[in-house]
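We give structure tokens for two forms of one protein chain below, kept apart as structure 1 and structure 2.
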Structure 1
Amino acid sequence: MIKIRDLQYLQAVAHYKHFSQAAEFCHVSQPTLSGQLIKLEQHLGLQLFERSRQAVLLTTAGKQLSVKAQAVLNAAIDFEQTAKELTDPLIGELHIGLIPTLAPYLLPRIMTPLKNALPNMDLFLYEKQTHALLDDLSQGKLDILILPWLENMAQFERYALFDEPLVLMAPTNHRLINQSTLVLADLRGQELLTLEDGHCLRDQAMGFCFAAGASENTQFRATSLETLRHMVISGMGLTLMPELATTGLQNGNLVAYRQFDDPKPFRNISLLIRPNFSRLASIQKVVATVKQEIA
């Protein structure tokens, strides 16, 4: 009989590609983990791993069964959470993932209301880039994501939360700040400071800029919005900034923020869950609370 524990060991080795690291993650000794996986291979009559001193790789059979194993583990998690919901749908743990260009600006606004709306739930927060969050959601490590919607997220269920405008941040003496109207086409010929690769905001912002005829300043790419902000403050150029990251800030007389006239560039902030996620009562509470606080 295959046990859930064996599937957890399989997935840990598939992730770390190293028996020692997988054993540490699973809180067992390496011989215990290796022995159980050998028994699993013998039970299945298949070789799941290619073992060498350099690395551990999944065989073709191992890759296919790893996908099935993750589905079983997700089902086990949902089974346990459903059992908790039968006693009280609003107790237990809720693991929430957000991206770095949203978390520092949204969380201060919504955490107290969320705790008030879900007083018997333990909220765990994780800040990672988009690709890592999507992997964690697929693998059941996270329950929900709050992040900008992209077309490659269609495999998840989506709740639209709010549209966040992107605003121009530039030195106060820049002509685009001081002209009577501002539309995206006014960016034609401008060079904009951007985030480094891996941030979905970079792709979204540059999509608007390229469409308007602007280009990217390739001399510098920021690792965070705060670095980007300070580069504009220091006079290096101008950029597009999410509106939540601009409210309540005092940057002296060095820079200014300016909204675009319609049509405004924006990103659609959404909540994602896995299909058939069982804890919908808690999700509905989160959606309603975030919408109310941002309205």
Structure 2
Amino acid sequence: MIKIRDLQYLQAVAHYKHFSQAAEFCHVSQPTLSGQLIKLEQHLGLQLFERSRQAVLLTTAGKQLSVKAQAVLNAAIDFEQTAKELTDPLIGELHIGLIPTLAPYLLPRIMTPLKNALPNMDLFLYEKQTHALLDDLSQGKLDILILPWLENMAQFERYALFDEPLVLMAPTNHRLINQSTLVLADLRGQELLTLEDGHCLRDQAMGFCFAAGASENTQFRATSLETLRHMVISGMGLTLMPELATTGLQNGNLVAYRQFDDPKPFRNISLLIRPNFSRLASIQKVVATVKQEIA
């Protein structure tokens, strides 16, 4: 296969019509350039130049190949130029995956500052359940996950972002809303509404509830957090709700949210990347932005 250097020599001679001048232009000695071009001609099996003392002429083949050579060089220059632009880790695309019980409540709070922190990056957002997110991250379809950290995610590099408390959501007149203190143990004997299978929030919330002695309403399972919220609003029961999904909402006076006293149940929202992900600078920006906005 030809070498780009040889094509540069070819183009230099095509331009200067003079070996010595072309060699100077290429910052090599004249014999070097001569020798390499002779080799190129041998490799191609044809003559590129008609050499004479007066002037170096391009043969017909030389003229045509000079055009092709320039095309190769242009492509190579384009390659290098693109590479140069890509060296800035804060330029390019960032594909971010989040879980459905987090995305709708977190994104409105971080997207504007994130775009400000990374003005030259194109941010792509994906909302999937945890297992799908982990697959996509492994396969490189995603660059970043933002989700509650679990121990089976140890294969990825983790940046803890914040702890999100799980709060009690219940009708306003419910006993648990109105008593002076609220701890997990108060859930004993209660029946909680839950999300359908696949949501990690379901597993986590149910973990806390079962540990506290509560049970699950098996008749209805919500397909989303908003469905779940409306089930509570319509008086079908109570549930645990991540705190971000409870702020800035007006649900009339039918339901109320209440924090547990210590020890609070919570999920640790973390940012995951593949351990050898290259654009760490952009990751740091994301981590810093989220921490600052949710602090």
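All residue numbers here follow the sequence of structure 1, with the first residue given the number 1. Quantities reported herein were computed from a predicted structural model and do not represent experimental measurements. For clarity, a rigid core is taken as the largest C-alpha set superposing within 1.5 Å between two forms.
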| property | result |
| --- | --- |
| Chain form predicted together with another copy of the chain, by structure number | 2 |
| Per-residue C-alpha change between structures 1 and 2, Gln190, threshold 2 Å, rigid core fit | no |
| Threshold 2 Å Cα movement between structures 1 and 2 at Leu123, rigid core reference | no |
| Yes/no, Lys39 Cα shift of 2 Å or more between structures 1 and 2 with rigid core fixed | yes |
| After superposing on the core, C-alpha shift for Ala69 between structures 1 and 2 in angstrom | 33.9 |
